[in-house]
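Quick heads-up: it's one chain on its own, the form predicted on its own, in structure tokens.
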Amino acid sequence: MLQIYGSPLSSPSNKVCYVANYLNIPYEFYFINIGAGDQRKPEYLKINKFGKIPAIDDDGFTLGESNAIIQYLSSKHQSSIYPQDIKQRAIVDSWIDYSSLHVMVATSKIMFNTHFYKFADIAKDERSLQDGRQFLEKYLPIVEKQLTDTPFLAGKEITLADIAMIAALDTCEVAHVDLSAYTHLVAWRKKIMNEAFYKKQHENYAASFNKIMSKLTNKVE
């Protein structure tokens, strides 16, 4: 059985779970506590030499990096969520990269300096926080424009592009990112979050975040 290693607080980890759910792949989920340093333990480094989450073990085949994982799983199961046509696949890949290298980098900066810095025992980086917000002001209009032209990021059907982007935007509520100016993006996001593959993971990211953080807050304070 597929084994997924990650954390419900990790957007890249959730991305992998969303895809496994979409593909109806049975899997076991193993929680890796980043705060406790689980990702640096020798037994985990045997699974993912990068020492990051997520990672998978698919009957002895181990792989790290969320984008590589979702592309591998979709290719293995020959799903239309990752098109076989080389040009269509390239379009999907470009949106996967855009969501990860631009949108998720920005939301991660905001999320870290809104919440996670407390658990890393470092000071909030106000410059990084503002950079994240400014990056989104630059990047999200491009997403909004695409969703005025097509119902999904790569065309008429849902693909990995949409799952990568929904994961990148999952932290918006708890990071106080206001998306209301992007009406097509908001409608698209609501539609994706109502899909069964998403609901199987959680009602929404905020629900998972609040549940887990309520157990940790007292330790920090």
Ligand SMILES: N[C@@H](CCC(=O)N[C@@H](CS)C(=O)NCC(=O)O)C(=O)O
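Bear in mind that the values here come from a model prediction, so they are computed numbers and not experimental data. Don't overthink the numbering: it's just position in the shown sequence, from 1.
Below: the form predicted together with the ligand, not depicted.
Per the 4.5 Å heavy atom criterion, the ligand in the predicted bound form is contacted by stretch 5-13, the sole one of 20-28, 193-201, 5-13, 207-215.
In the predicted bound form, R189 stays away from the ligand, with no heavy atom inside 4.5 Å. Contact check for E173: no non-hydrogen atom falls within 4.5 Å of the ligand in the predicted bound form. By the criterion of a heavy atom within 4.5 Å, I34 is counted among the residues contacting the ligand in the predicted bound form. Shown alone here, E65 lies within 4.5 Å of the ligand in the predicted bound form, counting heavy atoms only. With the partner removed from view, the residue among I53, L153, L185, L169 that has a non-hydrogen atom within 4.5 Å of the ligand in the predicted bound form turns out to be I53.
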